[in-house]
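First, one chain by itself in C-alpha cells, the form predicted on its own.
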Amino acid sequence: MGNLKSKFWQSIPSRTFYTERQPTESSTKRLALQAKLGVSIQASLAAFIDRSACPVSCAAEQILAVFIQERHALSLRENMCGSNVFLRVLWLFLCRAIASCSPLTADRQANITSMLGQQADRVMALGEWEERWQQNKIGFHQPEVHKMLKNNIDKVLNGRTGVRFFFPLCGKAVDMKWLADMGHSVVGVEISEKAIRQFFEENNMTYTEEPVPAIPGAKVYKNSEKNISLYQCDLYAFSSSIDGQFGAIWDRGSLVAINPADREKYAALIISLMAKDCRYLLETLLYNPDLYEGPPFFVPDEQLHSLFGSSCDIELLQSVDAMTDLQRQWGLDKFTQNAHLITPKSS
C-alpha cells in the first residue's frame, strides 16, 4: 500500500495546487473539471467494487491507473483548484475500493460459489448446437470482426508475424479471414458442418475436405491457400497431436459456451495447445446468473485464476458495458464483457 500511495502522489505535479479564492471564470471552469473528474473516478472505481468478479491480484494497480488516466484526460495538470483536500478524499476512496476488492474474503468466495452453482448443471448437448445452426438460430454470430480482437490485436501479436491462431468453437467467424488476410494462419474446431461450409462460401473461398484419420468421423476443411484449416469434430477430440501447438488463441465465445461442468477439462485442453510464446485472448461475460440460465454462461475472474493461474499469467485488458436489447430480453440488468490476455508463465 505504501508504494501505491507513493505512486499516487508522484502522479500529482507540485504546481497542481492553487490558493485562488475569487470566483473567476477560470476557477469556475476548474471546479467543473474537478466535478467531472470526481464523477468519472467514482464511476470507474465503483465498477471494480460492484461487479461480481474483481481481479484481486491487480485491482489496486488498475484502479490507480484509472485515476491517473482520467486526471490526465481532463488536462488537470494546471487546472486543479483550491487545496489538496479533493485529492486526499480521492485517495481515501481509492483505499476503500482496494479494500473492497482484496483479499478474497470467505463471504465473497461463498457468493461466487453460489453464483456458479446457478449454472453448474446446465448442459447443452452437441446435437443442440448443430440444431441451432440448422435452424439458423445463431444470434451469437457477428457479421463483423469483433471489437475486442481489433482493440487488442497488437498485444496478441506482440510484434510477431505469421502467427498460428487457434479458434475453439469457431463457427463461421469472420475474424478468421481477417487474420488470414493479415498473413497469419488459422486452425479452428467446430461441430457444425453447415457453419464451416458457410464460412468458406460466404467468403468466396474454394476449399477441400478430407477425413482426419486420428479422429473417427471427423473432417478437415482447407481453403486453397492452405492458411485456414477448420476441423469438424468434437472439440475435446482435438489435440496438439492433430495439428501442433499455437502462438495465439482467440476465444470469443467458447469458454462461455461450453457446459460449466466441463471448464477444467476445457482449460487443460487449451493449455496443452499453447506454445511457449502463446498469447491467449479470452472474452468472458459477467452478469447475474440468477436472472438467466445461459448460454452464454457467467464466468467470474476468480474462476479464471483457478483454471489457468497455476501455469499462466492473466491480465485484464478491457472491460466494457455490453448491455443491449438482447440481454434485456434475457431479463438481465447488467452485462459486462471482459477481455483477458493469458500467457504461459516463464519457467
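Just so it is clear, the structure is predicted and the values come from calculations on it, not from any experiment. In case it trips you up, residue 1 is the first one in the sequence shown, and so on.
A second form of this protein, the form predicted together with a small molecule, is not displayed here; the remarks below concern that form.
K.L.:
Among the candidate residues Ala173, Leu179, Val220, Val187, which is the single one with a non-hydrogen atom no more than 4.5 Å from the small molecule in the model of the complex?
P.N.:
After the contact test, the surviving option is Ala173.
K.L.:
Out of Val156, Met274, Val163, Leu235, which one falls within 4.5 Å of the small molecule in the model of the complex, going by heavy atoms?
P.N.:
None of the other options qualify; the answer is Leu235.
K.L.:
Should Arg122 be counted as a contact of the small molecule in the model of the complex, where contact means heavy atoms within 4.5 Å?
P.N.:
Contact check for Arg122: no, nothing within 4.5 Å of the small molecule in the model of the complex.
K.L.:
Within 4.5 Å, heavy atoms only: does Gly253 come near the small molecule in the model of the complex?
P.N.:
Yes.
K.L.:
Contact with the small molecule in the model of the complex for Ala214, defined as at least one heavy atom pair within 4.5 Å: yes or no?
P.N.:
Looking in the model of the complex, residue contacts with the small molecule do not include Ala214, since no heavy atom lies within 4.5 Å.
K.L.:
Considering only heavy atoms, tell me if Trp133 and the small molecule come within 4.5 Å of each other in the model of the complex.
P.N.:
Although the small molecule is absent here, Trp133 would touch it in the model of the complex, with heavy atoms inside 4.5 Å.
K.L.:
Quick check for you: of 114-122, 137-145, 198-206, 240-248, which stretch puts a non-hydrogen atom within 4.5 Å of the small molecule in the model of the complex?
P.N.:
Correct option: 137-145.
K.L.:
Looking in the model of the complex, is the small molecule within 4.5 Å of a heavy atom from each of Leu304, Phe308 and Leu341?
P.N.:
Checked in the model of the complex: no contact with the small molecule for any of the three.
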